[in-house]
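One chain comes next, on its own, written out as structure tokens in the form predicted alone.
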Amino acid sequence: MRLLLTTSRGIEDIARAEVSALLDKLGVSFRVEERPLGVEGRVLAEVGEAFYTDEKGRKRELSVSTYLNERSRLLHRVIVEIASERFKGIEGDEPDLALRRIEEFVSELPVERYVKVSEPFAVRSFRKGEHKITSLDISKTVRKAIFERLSRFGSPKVNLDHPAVIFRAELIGDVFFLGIDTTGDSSLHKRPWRVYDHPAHLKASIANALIELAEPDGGSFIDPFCGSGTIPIELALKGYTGEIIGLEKFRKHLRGAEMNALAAGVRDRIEFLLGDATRLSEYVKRVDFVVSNLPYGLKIGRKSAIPGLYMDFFGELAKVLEKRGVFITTEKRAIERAIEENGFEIVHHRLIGHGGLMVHLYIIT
């Protein structure tokens, strides 16, 4: 079985490591590759058959896709691959030609192996690149090809709102992929515990990537700009045994974070504090790990205030940080100056995709 796994751009290596660790626990043969065919935000897993023993001692086949859907903290979607192909030059093709190439390819695929004719299906599509066709064009074309193929075996049904089976069609650059989306219409990064939405909340998948990069080892941990609490909540859900603190300047967001933590069942594991991160040393005397999505864009009213805010915050951080800090922001110049002038060392930097932007991630010591 081949699984296409989606995640945020820039954290494919972390997602690959998580998937490898999960599959290793099953004791199956597998191979995991990040950015298959050069496509960002994707991980490909080739997995052998997996089994488990039920309560009566019988050997049963385990659904690896369900297993990953239930256990991954970094993935967005788990898609069973039907086929993938590189269509050279499709970005320059006229719409009729591009769609005809896709239709001819899909029409030859054995989609009847993945859906019963009696099951209503839908096609969800994703497109990225300089194509002359849209995602809607792709959906209609693939749906038509699948419908005509299934018509050989009966009377297929399309249900766009409540499908039993979701086909996922992706065209990224010149790479086309078709599979069965086992996750459904709601991405895994949309956590069920989120009852309060911060206007610029962090995706839970990215929060987990930041946590993995921080490598907390049981020491004290704080998110000094915790917003709706995504980072401390995800850390608590991982079973972290050290002290977890969420600091937030605005009472509305702090109450929202507490509501989210309660919904997640980890309210008793996190200490939420109302306070200003630029006075961090007033709330904690020392802390081992600091991880945060720093204010930028929608998160701050005046962009001109960011350099001063960062300088003041990192000045306070220098008084309390013992081990490692991990931060993301769009403000490269402001954060690098604040890091350097307050005596920290950047040990890692990368770009990750978040909210339609590529944001800078820094690990400091």
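Note that the structure is predicted; figures quoted are calculated from it, not measured. Quick note: we count residues from 1 along the sequence shown, nothing fancier.
This next part talks about the form predicted together with a small molecule, which is not shown.
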Of L37, A318, V47, L309, which one comes within 4.5 Å of the small molecule in the predicted bound form, counting heavy atoms only? L309
Among A169, I244, L202, A145, which has at least one heavy atom within 4.5 Å of the small molecule in the predicted bound form? L202
Residue-level contact is defined here as any heavy atom of the residue lying within 4.5 Å of the small molecule in the predicted bound form; does F105 satisfy this criterion? no
Hey, in the predicted bound form, is P295 touching the small molecule, heavy atoms inside 4.5 Å? yes
Against the small molecule in the predicted bound form, would E85 count as a contact residue? Criterion: heavy atoms within 4.5 Å. no
Even though the partner isn't displayed, in the predicted bound form is K132 close enough to the small molecule, meaning a heavy atom within 4.5 Å? no
Can you say which of 234-242, 183-191, 108-116, 287-295 gets within 4.5 Å of the small molecule in the predicted bound form, counting heavy atoms only? 287-295
